[in-house]
Every structure is written in structure tokens, then in C-alpha cells.
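Only one chain is included here, represented as C-alpha cells and corresponding to the form predicted on its own.
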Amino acid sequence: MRKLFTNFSQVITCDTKGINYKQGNNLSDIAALENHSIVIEDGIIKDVVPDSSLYKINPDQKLNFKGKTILPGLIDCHTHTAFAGSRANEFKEKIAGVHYEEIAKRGGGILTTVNAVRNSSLTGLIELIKPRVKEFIAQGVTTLEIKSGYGLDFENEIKLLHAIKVLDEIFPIEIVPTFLGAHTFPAEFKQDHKGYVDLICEKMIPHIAKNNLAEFCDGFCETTAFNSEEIDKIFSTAAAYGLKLKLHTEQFNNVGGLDVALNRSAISVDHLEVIADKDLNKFQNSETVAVLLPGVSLFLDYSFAPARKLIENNAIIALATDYNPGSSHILNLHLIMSLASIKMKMKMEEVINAVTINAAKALNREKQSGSIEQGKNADFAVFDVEDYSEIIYNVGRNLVTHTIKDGEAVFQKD
């Protein structure tokens, strides 16, 4: 079926001219078009055409989006949406001045959520996660990454990945599964780190790969979690089994994770709030995406990642919510976009590319999604604004009227 989407105020294509990511000076190029329409055939973008040539188009269906602005479907490339329980009491402590790492050291933090997940059934987890996914979809998100990482044993990590798989089957958007067994050490392995690393490498990863339960393997390289040698062993095993790599690193301390990830050609390194100035130039010739998470800095009230310095060093910057129950309980990608502009001094155009084409690259989907270009999936977020600047100016507000996946509306505002 041929469809015509027309009468937009602006079409923000994030056109890459076939490169499929943006970096350096190109990060501020969003290719904002006026008086243009989009031709779709069987869920794929056929063309972006000037309105003056519409008389040549003979669509089976025509949809009028008068006065609205269309972007590529938004992509949240780093979330921990699969969790149970609440950490509101710990948040109260943090507000009173207790540091996140202190809570983690005494058995709280991630382990609080682990206990809640272990006490939840597969069905119960799915029902908890469903409304969260719906909320993402209502924000214009057409591709959503979800990590495991709150099971921390074989049974419960697999349970979480099965829940994510079921959610991908239920919902019309694409849900990308990531294995994060190396999130922290569970209580039963507190004094036996080698034993838990061996469990991940010898039992979890082989089973996950054999049953196609995850596309990525992630880890947390930090003083309260895994050191660089442990991460390197896990990554070596994961890569051997065909899993792509991502890493939480340089969040609170510099303990060697960045070099492990870059040497292993990880798809992304995420956080980077405390990246050392001497390491910034490591991104100049790298296609590893720097995924920045300003929601964590807001929620924990600490330093924001040095976005401007990374851009000046030609890094490929993406943005994500890091939605999770402990360090970024923020299920609002629009707020993240505004935060990046206000607190990290990213230009509005840089922010838009960071949640579209570069976020697609952070999930290895830049050839199919992330920009409005011929041959890519017809994934769009339509905003009730006449100019894209209104999206980021309206801090934290959801101005999306339509979320469109493969040419079909999967959310429409009443």
C-alpha cells in the first residue's frame, strides 16, 4: 500500500546522506524541511518530496498532519525498564545526603530491586512492565532497549530476558533485549567474585546465546561493581558467542572500563560523567557511541557528562533516559532532551540527532531506523508544534500526537 503523509509544518529528516550517524560539526545538522511530504510503501520510506510535486503521487491513503512537525521515531537506547519494587525510601535517603555508593555498599541499591525481582513471577513482571512500555510509546518512542540485570542469578536473569521477549511480541514497537548479568555482585557471591564471573561466562551467556534471548551484553565497570579485568573476561566470552557489547563506565570512578570497551569495539559506552580529559580524544576515530544519561545526574544531583568536550573531540553522541528504580527514575525522554540542552549545553539540533539517528547507532540499527531517508523504516514521532524548537522549550511536556511504526499509527492522542 502506498501512503502519503502530508501538510507538515516541518519535516525533520536527520538525513545522514548514507553515513547513518552524526558526529562533530555534523551533529547540529537535522535537515529541517518545509513544504515537504513523505511517501511510504509497505512500511518503508519511499521518498521525501516537495509539495510542489504531489500531483505526481497517486497514493492509496493520504493522511493530513496540518501544522505539525514530524521527526524520525524516537529511540531510547539505554533503559532498565524490567524491574519490580520501589526504591522511594532510598531516594528519601539520597535527598537527605546519603551517597548512592554508600547505599549500595550496605546491600541496598541494585540489590533491593534484585530481591523484588526474585520474588516476582514471569507473568507478574510482564504486567508491571506493560504500562511503562505504553508510556514510552505515547512519547513517540518506536525503538526501546531494555536490560536485564536485576536477577543476578541464572534463573532470574533468564526470567527477565523472557519477560522482555514477551513484551517485544506484545507491542508493535521494537524492543531490544540486553543481558546485564554483570550489573553488580549478588549477596551470595559477595565474597566470591570469580565464582559469579564464571557463572556468567560458563552458564548464563551460552544459554542466552543459544536461545537468542539477548542481542547485547552489558556490564557495570565501577568500584562497587566489576573491575576492568572481570569485564574483559565477560566481554571476551560474550563476543565469542556472538553478542554485541555495551558498557556502563566512568560513572563515578575511572577504573579502566573505557579502554576495555574501546579495545573490544563496543557498540556504545554509557554514562561518562567523570571521563578524564586525557581520554576524550579516544573518541576522535572511534565509531563506539557515547551514550549520555543526564537524568542520572539530575536524580543523583552530581556532575553531568561533558557533552561539549566530547562533541569537540568528534564523538558520536546519543542520549537516553536510563530509566531505572534507583538512579534515574525518569520515564520521560522529552525531559532528558531538555536537560541535555540546559545542563549539558547541547544545541537543540544536536539533541534531536542524539535521540534519533545516533541512538539508532547505539543499538546497531542505524541502517534501518533513526532518520527519514529512502529505504528506512517508516518510524515517526509527530509533534503538535510548528517548529522543532518548541519540543525542547516545553520542558518535560509530551507534545506527541502520533507515534508511527512501519507506517502504522501505534499511538494517537485523543
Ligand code: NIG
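From 1 onward, residues are counted along the sequence shown. Model, not experiment: these values are computed from the prediction.
If you look for the form predicted in complex with this ligand, you will not find it shown, but the lines that follow are about it.
Across the options 231-239, 80-88, 188-196, 340-348, residues that bring heavy atoms within 4.5 Å of this ligand in the model of the complex belong to 80-88. Not displayed here, this ligand is approached by Tyr100 to within 4.5 Å at the level of heavy atoms in the model of the complex. Shown alone here, Tyr150 lies within 4.5 Å of this ligand in the model of the complex, counting heavy atoms only. Interface residue remark: Ser268 is not counted as part of the site for this ligand in the model of the complex, having no heavy atom within 4.5 Å. Contact check for Asp322: a heavy atom falls within 4.5 Å of this ligand in the model of the complex. Taken together, the three residues His248, Gln251 and Gly326 all come within 4.5 Å of this ligand in the model of the complex, as judged by their closest heavy atom.
Residue Ile110 is the only one of Ile208, Ile110, Val260, Ala307 with a heavy atom lying within 4.5 Å of this ligand in the model of the complex.
Contacts between stretch 180-212 and this ligand, counted in the model of the complex as any heavy atom lying within 4.5 Å, involve His183 alone.
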